[in-house]
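To begin, one chain is listed below as C-alpha cells, in the form predicted alone.
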C-alpha cells in the first residue's frame, strides 16, 4: 500500500503520470519490467560499457531506452522542452551537467567550471529552474582530495582546524592546485549568487568528503548571508552524518549564515562497505536501513525546528519521509511552499511522489541530468543497478505504471 495521510496521496496515478502519453507510459513499463531482472541488468551494463569502449554504434539503443527515461537530453537546449512540460504541472527542475569521471587535468577542470557557470546562466533565463548541481570531483583531482582527507583524519580538533593542518602539510605545488580548486568553486558561486540560482554540491565517497565539506562550508559562509545559494549534500546512510548536520547548524548560527542542505539517504553503499572491509576499518555505513530511515527522519525534524537558519531539500524517494516533512510543516503552521523547504526526486523515478506533492502545493523539482550519451553512461548504469537491486523500488514503479495503464483503458 502507498502512503496516504491528510490530503496527499501517493497512490494517485492520474496525477503522477498526467505528463506522459500512452506511448511513453508503455515504454516506461517495458524498461522497469526489464530492470526487474538483475541478471539481465548486470549483463546489459557489462555489454554497454564494452560497446562504448569499442565505439560500437549503440548510442541509438541507449538514447531510445534508458537515456530517454532518466536524462533530459544531450545538450542544455534539449532540456528545455522537458523543463517546459514539467513546468506545466508546477514541477521545477534541478539541472545536473551529468559528466563523471572524465579527464583529470587542469584544463579539463577549468572547462568543467565554465560549463557549470554556463548552466547557471541558462537556468537564470528559465522560469522553473531554481537550482543546479555540481560535483567537486569535476573541478578537482580525486587523489588531491584523498590526500587532504587522509591528512585531516590524522589531526585532532574541529573539521576546520584539522583541514587547516592538512592543507599546511601539502607541497607548494599541491597548495597551488588546491587554491585553484577554491578559485573555481568561488567563480561558480559568484555567478550563482549574482543570478540567484542555488548550487547543490554533491556528496562524494567518505574518503574524499572532508575537503568537500570544508569547501562547501567556506562558500556558504560567504554566499549564504541573506539566503541559501550554496547547499551541501548530507548522506544519512552514514552513521556520523546526523551529528555532522547538528554541527553544521551550530556553525551557521555562530557565523550568521543560512545553512543550505540537501538531505539524501546515499549513493555509494556497496562501494563503501567493500572498501572498509578490504582496508580493515569500521564501515562508515549504518548497520541497517531502519537506522538510516531513523536518522533521515530525525534530520527532517531538526531542519524544520531550525527553519529560520536552515534551507533544506528533501531529496528522497521514500514516501513516508516526504509525507513526514509535509506533516512537520503543518504541525508548526508553516506553508508547504515555505521558502526554506523544497522537495526533489530523480527524473524518471517516483513520479507518484513528485506530481502529487506538486498537486498539494509543495515546492518540488525533478533532478534532471544532461550531457553526451557516452558521458552520462556512469549515471545511467547507477540508475539501472539501483532499480534492479532495490526490488521494492522497481516493483513500486511498475505497479503504479500498470495501475495507470489500466485506469486509462477503463476510462475510454
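Because the structure is predicted, anything quoted here is derived from the model rather than measured. Numbering follows the first chain given and starts at 1.
The discussion below concerns the form predicted in complex with a small molecule, not included here.
Annotated contact segment (heavy atom within 4.5 Å of the small molecule in the predicted bound form): 195-203, selected among 72-80, 240-248, 195-203, 301-309. With the partner omitted from this view, the residue of 373, 358, 346, 31 that lies near the small molecule in the predicted bound form is 346 [heavy atom within 4.5 Å]. This chain lacks the partner; the member of 124, 267, 276, 208 within 4.5 angstroms of the small molecule in the predicted bound form by a non-hydrogen atom is 267. Taken together, the three residues 212, 225 and 229 lack any non-hydrogen atom within 4.5 angstroms of the small molecule in the predicted bound form. Though the partner is left out of this view, residue 67 does not reach within 4.5 Å of the small molecule in the predicted bound form, counting heavy atoms only. Within 4.5 Å of some heavy atom of the small molecule in the predicted bound form lies at least one heavy atom of residue 289. In the predicted bound form, the small molecule sits beyond 4.5 Å of every heavy atom of residue 184.
The small molecule in the predicted bound form is approached by residue 396, whose closest heavy atom lies within 4.5 angstroms of it.
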